[in-house]
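Single chain ahead, by itself, as structure tokens, in the form predicted on its own.
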């Protein structure tokens, strides 16, 4: 299969994942309501926290509220605890057939994840519109260039999240059940990414530790760009760190995949 044909096939897989994610209307509606309710709740909570307080750790109330809103939106889009179909295919033995397909299994899985992520965008747009309507969100700092930097950082953050999801899903080759790994990953990712609490508010030693992990590249870095907390050399360095994590995680995924192939041989032998 040519490279162009593989791209067409991957796009088709992504579209199918979008349709699958949006197939059950009741689930789509519940998910949309859930993210809207979460936006309202985080706004109420953070406004209450800042009642009578101008700043905390140099962060004012409106910024903290807006960060909490976008943190909820990012969590919904990135969905770091998305359950990959890879586990089911490994457990049912269908993985052997997948390995014979002209498109690699890893690209197939990533295309499915991209489709699932894209399916979450409409409800998150509604959440952003709600936040704007109630005055809980403002435009990104830095004008057009700031918006461009935010888009680039967000794309890199999504790539980091998808690769982390892939690595968790591939533990199925060793355990056949990834529910436990996903629960641990969900707890760690939501906290360490800064989606629940901005790294600005964390003790210096903890923030320093988390900044050396890939999770902060998923949420905290894009939101820091959004609010203008990074500029000039710091902005360039932050984007470079995100790109570096994409490369490192891709290499790690390739290594894990090469090991997983040996596991498939053992299980099928």
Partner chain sequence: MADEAGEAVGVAAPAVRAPWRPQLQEVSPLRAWWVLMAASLKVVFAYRSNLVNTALGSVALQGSQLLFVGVLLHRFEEVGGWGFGEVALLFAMRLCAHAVCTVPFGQHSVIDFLINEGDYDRLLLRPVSPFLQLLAWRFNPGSLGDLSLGVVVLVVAAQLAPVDWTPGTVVFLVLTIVAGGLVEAGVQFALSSLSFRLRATWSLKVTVDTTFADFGPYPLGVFGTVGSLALTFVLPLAFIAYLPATALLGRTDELLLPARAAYSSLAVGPLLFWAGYRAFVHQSRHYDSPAG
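Note that the structure is a prediction, hence the values are computed from the model and not measured. Positions refer to the first chain, counted from 1.
This protein has a second form, the form predicted in complex with its partner chain, left out of what is shown; the following refers to that one.
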For this session: Can you check 192 to 200, 123 to 131, 137 to 145, 102 to 110 and let me know which stretch has heavy atoms within 4.5 Å of its partner chain in the predicted complex?
Result: 192 to 200
Seminar exercise, completed: Interface check vs its partner chain in the predicted complex: of 44, 213, 236, 244, the one with a heavy atom inside 4.5 Å is 44
Problem set entry | Non-hydrogen atom contact residue 187 with its partner chain in the predicted complex at 4.5 angstroms | yes
Exercise. With the partner left out of view, is residue 183 within 4.5 angstroms of its partner chain in the predicted complex by any non-hydrogen atom?
Worked result: yes
Exercise. Taking the shortest heavy atom distance, is residue 49 within 4.5 Å of its partner chain in the predicted complex?
Worked result: yes
Problem set entry | Any non-hydrogen atom of residue 30 within 4.5 angstroms of its partner chain in the predicted complex | yes
Exercise. Which residues, if any, of 55 to 75 lie within 4.5 Å of its partner chain in the predicted complex when only heavy atoms count?
Worked result: 56, 57
